[in-house]
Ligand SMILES: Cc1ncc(COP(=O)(O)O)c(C=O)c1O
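In the block that follows, a single chain appears as structure tokens, in the form predicted on its own.
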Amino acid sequence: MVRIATAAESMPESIKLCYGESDMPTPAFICDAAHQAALGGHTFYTHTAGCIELREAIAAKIDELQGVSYRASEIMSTVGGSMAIYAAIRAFVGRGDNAVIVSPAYAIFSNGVIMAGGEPRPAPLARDGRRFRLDLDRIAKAVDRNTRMLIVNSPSNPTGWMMTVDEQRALAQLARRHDVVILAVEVYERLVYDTVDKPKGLSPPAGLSPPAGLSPQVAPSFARVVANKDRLIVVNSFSKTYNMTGWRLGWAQSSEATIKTMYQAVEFMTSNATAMVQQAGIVALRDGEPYIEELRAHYARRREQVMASLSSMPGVSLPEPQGAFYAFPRIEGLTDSTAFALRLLEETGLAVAPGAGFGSDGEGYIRVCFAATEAIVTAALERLRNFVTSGRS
């Protein structure tokens, strides 16, 4: 993936749909908030877990969207969601341990486990018609007495798959049975396009009182189905929801004891997230709902555009992306997605991410990021269509 992105940067007129970010800048109201915060003196260290005002704002947003209560002491802000993921893995996985990862998945999960001295164990999603679904049997077979963590990203990068509440409950029961922690990465929770499934005949766990039904614009959080916060770490981020990728601000939510373990370790890695960025995050949470609606509507139009085009290409099979801003089409007969992506770039100037970049379960697929303008997506799809139909692929 790095090779392809680097090569694309050096090519004039290239179209780069290989990155996992929008081509739109951060909205002005957030930029203004950071500027005013800097002028107002927010230029000093904060608590390693973040200033109390930000953590309280995050807790309020979790309650607003998911109907689950967290205290500020059960939340830590981080230097992007990536740092939260790595800190969570380091808190639970060590030498001789393993972590089961629902895959295909962003490479940070398996690499984080390896860097912690553990063994990543991918458990692939099952293809079910036009969608992916959780394969609980594969996950159960991967779990043993050395498993410390189950890692799942929903809505998913790269597949666009989104867990149902029933799937969350089933995975939570498996984790409880084997006494392992769930790391739920939910950074795309606001970028969803389908009606969210509601629990069917299932009562909420003791201590939780979720709302009668989630908005169809919010993916269900694992925090709604796992009452014991010691057994769950949820990671979220400002990057995708507010187009703040370069600002590096995310958070983790868990039990107070787990959060304390994580921020004590982070003290020697990065210390706190940037002070004025934390203040901008408060404003994003407070004033950002109209912007999120506009952003999601824009992505929904690009999603329809990409689905219509890819589904009509010969030899291309597209699982429907339910969330995030990626299409993950399978190319018939493709056995080397990296070679495909490199040749596509060399011959057309279009950069996409090879499925193999998301683990062996992604081989045969490519990832197309549609968080771009209509004109760019149109040009990119035309290049891909010409390449696929020419037979050169």
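Numbers for residues come from their place in the sequence shown, where the first is 1. Keep in mind it's a predicted model, so treat the numbers as computed, not measured.
The next section is about a form of this same protein that is not shown, the form predicted in complex with this ligand.
Enquirer: Ser103 versus this ligand, in the predicted complex: is there a non-hydrogen atom within 4.5 Å?
Expert: Ser103: no, not in contact with this ligand in the predicted complex.
Enquirer: Could you confirm whether Lys240 comes within 4.5 Å of this ligand in the predicted complex, counting heavy atoms only?
Expert: Contact check for Lys240: yes, within 4.5 Å of this ligand in the predicted complex.
Enquirer: Please check if Arg248 has a heavy atom lying within 4.5 Å of any heavy atom of this ligand in the predicted complex.
Expert: Arg248: contacts this ligand in the predicted complex.
Enquirer: Consider Met163 of the chain shown here, and say whether it contacts this ligand in the predicted complex, taking contact as heavy atoms within 4.5 Å.
Expert: Met163: no, not in contact with this ligand in the predicted complex.
Enquirer: Would you kindly say which of Ala223, Ile85, Val266, Ala280 lies with a heavy atom within 4.5 Å of this ligand in the predicted complex?
Expert: Only one listed residue qualifies here, and that residue is Ile85.
Enquirer: Give me the residue from Ser77, Gln168, Ser254, Asn157 that has a heavy atom within 4.5 Å of this ligand in the predicted complex.
Expert: Result of the distance check: Asn157.
Enquirer: Among 149-157, 111-119, 283-291, 127-135, which stretch sits within 4.5 Å of this ligand in the predicted complex, heavy atoms only?
Expert: Contact criterion met by 149-157 only.
Enquirer: In the predicted complex, which residues of 276-301 put a heavy atom within 4.5 Å of this ligand?
Expert: Stretch hits: zero.
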